[in-house]
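Next up: a single chain in structure tokens, the form predicted on its own.
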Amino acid sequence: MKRRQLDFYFDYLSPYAYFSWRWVQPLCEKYGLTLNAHPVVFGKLLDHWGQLGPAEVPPKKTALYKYCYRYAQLNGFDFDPPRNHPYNPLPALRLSLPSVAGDAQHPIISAIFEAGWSRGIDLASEEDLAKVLDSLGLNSTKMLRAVKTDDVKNQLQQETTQAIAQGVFGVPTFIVDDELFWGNDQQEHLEIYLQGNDPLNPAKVDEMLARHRGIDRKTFVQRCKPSKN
């Protein structure tokens, strides 16, 4: 019998993705799920759905860092964000594709997340990323060469395009049985769902979503036009 799958969509730009990566692995082990990790380009999700990232709104970035520091302290680990934020996450994301990472995909994701968000390295720096890979006993030179190839670049684009087709609009996102959960704060709801105790009434939600929008802001209309890319 095929194991149930949990698809996890992430970008290293998001500390919330780091936090959820810490608990989603033991959660999958607990419920016998196969964990499929999908690196995606958060910026492309934002462009498609017409949003700004949290780090692009100064007071929101301040609130985010305060929340993250409190969360880390309460959960027993260090919060020390990347040297620059936002930054270019593409090399790190490409390193995390299955075709590049191979069987080491999950350890690589864990190591990059921890180095970036608990030890404050520059996640856009190939030199810093090489040190992370070397610490795992991997061939950093070969892997960093691979992420510059058109084939690997296209794979990351395809992951992002497929995520958008699945309705993914932010990170972290979890999909189980075609049910989408978004955000680090979904741990309790996700576990309730996996236990078969989901209180959601889909018909009621559909009815609520069908209600007419009473007003739209001009900027909302402009931002919410889907990207053609």
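Numbering starts at 1 and runs along the sequence shown. Not measured: the values here are computed from a predicted model.
Here the subject shifts to the form predicted in complex with another copy of the chain, a form of this protein not shown in this document.
Q: Looking in the predicted bound form, any heavy atom of residue 157 within 4.5 Å of another copy of the chain?
A: So residue 157 does not count as contacting another copy of the chain.
Q: Any of the heavy atoms of residue 36 lying within 4.5 Å of another copy of the chain in the predicted bound form?
A: No.
Q: Consider residue 81 of the chain shown here, and say whether it contacts another copy of the chain in the predicted bound form, taking contact as heavy atoms within 4.5 Å.
A: Contact with another copy of the chain, yes.
Q: How about residue 64: is it within 4.5 Å of another copy of the chain in the predicted bound form, going by heavy atoms?
A: Because a heavy atom of residue 64 falls inside 4.5 Å of another copy of the chain in the predicted bound form, the answer is yes.
Q: When you measure heavy atoms, are 7, 31 and 126 every one within 4.5 angstroms of another copy of the chain in the predicted bound form?
A: Negative, none of the three is within 4.5 Å.
Q: Which among 128-136, 146-154, 81-89, 95-103 is in contact with another copy of the chain in the predicted bound form, heavy atoms within 4.5 angstroms?
A: Result of the contact check: 81-89.
Q: With the partner left out here, which residues of 185-207 have a non-hydrogen atom within 4.5 Å of another copy of the chain in the predicted bound form?
A: Result: 185, 186, 188, 189, 192, 193, 198, 199, 200, 201, 204, 205.
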